[in-house]
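The chain that follows stands alone, in the form predicted on its own, written as structure tokens.
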């Protein structure tokens, strides 16, 4: 069997999505047997971005000319481009302050050295190139990354959850933090796949997997505002992982 050529890259991000894959220690020997990792700067010493790839898995938002150059190169050289993680799909934490002037943010972090930096508002991959598939999460679930790699071997993509965290929460018979405990949980509007890990530990959902496709965001805001949470606080929380929610969306 011809082993697929893979590229795995990180743009503006914490590199936690790639680390999740490297933490699949029991599965790594099988993965190495079935794929050629041709470009993987975090996991190899001599990455080659000039190769042709069957698939490129890209983490992080695009916020610098270097990011954009890497992304466009991988898109041009890859049959499939897969966004991994909330930053790559929605902008994520890197983009949470996009409403602030970029120059001010840079100067706050880097001081006088900011004047020589080329940077723009972080944006998701699809703003610049075509994305063929996405694996969300901050970081993604290891099982979803492994399922994606397994599906690639069969020339397809896996069926990942397209429903809200609430469904997983109820299937685990958790107490509803939003209704029963009156806490500001974002489970009704957040994409599932985490097995309701946080609510199962009595921690309300923060929306790290991004919006579910048919989220009733307007109703969620109305409910939480009625519970005494300010709209400003809700918008701040929602923007943490996805800066561009449609606050008027109704399912």
Partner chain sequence: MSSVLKISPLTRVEGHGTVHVHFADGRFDRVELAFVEAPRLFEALLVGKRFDELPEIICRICSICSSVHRVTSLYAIEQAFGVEVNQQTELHRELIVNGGQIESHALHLFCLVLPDYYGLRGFADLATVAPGLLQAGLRLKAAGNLIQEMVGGRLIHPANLLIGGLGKPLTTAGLHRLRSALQEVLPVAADAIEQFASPLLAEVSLPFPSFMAVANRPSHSGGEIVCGNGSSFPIVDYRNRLTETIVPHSHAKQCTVSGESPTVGALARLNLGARLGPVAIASLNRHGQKLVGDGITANSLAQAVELLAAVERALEIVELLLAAPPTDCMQVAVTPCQGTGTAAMEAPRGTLIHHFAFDSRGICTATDIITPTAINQGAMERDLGLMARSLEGVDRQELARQLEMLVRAYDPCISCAVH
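Numbering follows the first chain given and starts at 1. It should be emphasised that the depicted structure is a prediction, and the values quoted were computed from it without experimental measurement.
There is also a form predicted in complex with the partner chain; it is not shown, and the following applies to it.
S.K.: At 4.5 angstroms, heavy atoms only, are 85, 150 and 168 all close to the partner chain in the predicted complex?
M.R.: Checked in the predicted complex: no contact with the partner chain for any of the three.
S.K.: Which is the contacting stretch out of 152 to 160, 123 to 131, 104 to 112, 77 to 85, given heavy atoms within 4.5 Å of the partner chain in the predicted complex?
M.R.: The contacting stretch here is 104 to 112.
S.K.: Does any part of residue 193 reach within 4.5 Å of the partner chain in the predicted complex? Heavy atoms only, please.
M.R.: Taking the distances in the predicted complex, the answer for residue 193 is no, it never comes within 4.5 Å of the partner chain.
S.K.: Is there any non-hydrogen atom of residue 201 lying within 4.5 Å of the partner chain in the predicted complex?
M.R.: Taking the distances in the predicted complex, the answer for residue 201 is yes, it comes within 4.5 Å of the partner chain.
S.K.: Does the partner chain come within 4.5 Å of any heavy atom of residue 64 in the predicted complex?
M.R.: Output for residue 64 is yes: heavy atoms within 4.5 Å of the partner chain.
S.K.: At 4.5 Å between heavy atoms, is residue 231 in contact with the partner chain in the predicted complex?
M.R.: Looking in the predicted complex, residue contacts with the partner chain do not include residue 231, since no heavy atom lies within 4.5 Å.
S.K.: Of 8 to 27, which residues get within 4.5 Å of the partner chain in the predicted complex if you count heavy atoms?
M.R.: Read in sequence order, the residues that approach the partner chain (within 4.5 Å, in the predicted complex) are 10, 11, 12, 13, 14, 15, 16, 19, 20, 22, 23, 25.
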